[in-house]
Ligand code: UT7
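We begin with a single chain expressed as structure tokens, specifically the form predicted on its own.
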């Protein structure tokens, strides 16, 4: 390999996992002042999956990763790198990636966490693509996994209705001769000046855990939904347009759009603004809720496994999250 050599990145396998317990809107009616019709009208969400008390985020990720490896016809020892995208790791340190490395039985490879909230998985694909393109690595595992129910205040109906737990994974591999699959473009960005729109106040150096934190429920996520909505639609639509410009594709050549599954109103608005038929949008938010970094890989895997997404099709992934972060990947599956 010379310095000018550049390889192509293909998605060789995907996997996902949703915990068995389901929290329905009817269940939430017993916890907070809300009702099924109100939730569905505003978010499209009917159910969300909740991790068992003895499950941690890397447990969910392990199952998704094993399924992705099986789909790629690879073993854990074939991996060269693990990128774990999450805002709800098992603990601050060691990283979730290192814990998963051990659970998988992977070699002593590079393993690190990536924190970009709901954009995490798309960010992770963007980073993995650089490792593959330059020839640095051959197989990179990218995971988006979250247990968000433990970061949600079930007295706050604005947030507790939205979030669920899940894990999704993809293996990014070096494309071999004759394999047409490739990541065609990848962009990512952030606007930290809007970071206060969606925050988890406590747990970091600015606000360590204390009795005051617990007394004021500062260990739970807080968001300004209306402002988040406007920025999400604007930035994801812009990212999709940039992907067309970068690849030279037309909107008619996009076979599938997989947006971050925040709520149905945001996804409908992005599809309308971008100009893509809703029939080409992969949507599963009604059964999963918002699972942050896991939404895109879970929806991606489900659409592959049920036969909607086929090899050779152009798939556009776009996400938006706290930070505020945004990312878009166009790939030929």
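None of the values given here were measured: they were computed from a predicted structure. Numbering follows the first chain given and starts at 1.
Just so you know, the form predicted in complex with this ligand exists too; it's not on screen, but the next bit is about it.
The three marked residues, 161, 225 and 229, each reach this ligand in the predicted bound form, with a heavy atom inside 4.5 Å.
Interface residue among 50, 69, 299, 266 relative to this ligand in the predicted bound form, by the heavy atom within 4.5 Å criterion: 266.
Just one of 262, 147, 96, 240 comes within 4.5 Å of this ligand in the predicted bound form, counting any heavy atom, and that one is 262. Comparing 51-59, 270-278, 28-36, 301-309 against this ligand in the predicted bound form, the single stretch with non-hydrogen atoms within 4.5 angstroms of it is 28-36.
When contacts are judged by a 4.5 Å heavy atom cut-off, residue 198 counts as touching this ligand in the predicted bound form. The closest heavy atom approach of residue 17 to this ligand in the predicted bound form falls outside 4.5 Å. At the 4.5 Å threshold, heavy atoms of residue 42 reach this ligand in the predicted bound form.
The closest non-hydrogen atom of residue 118 lies within 4.5 Å of this ligand in the predicted bound form.
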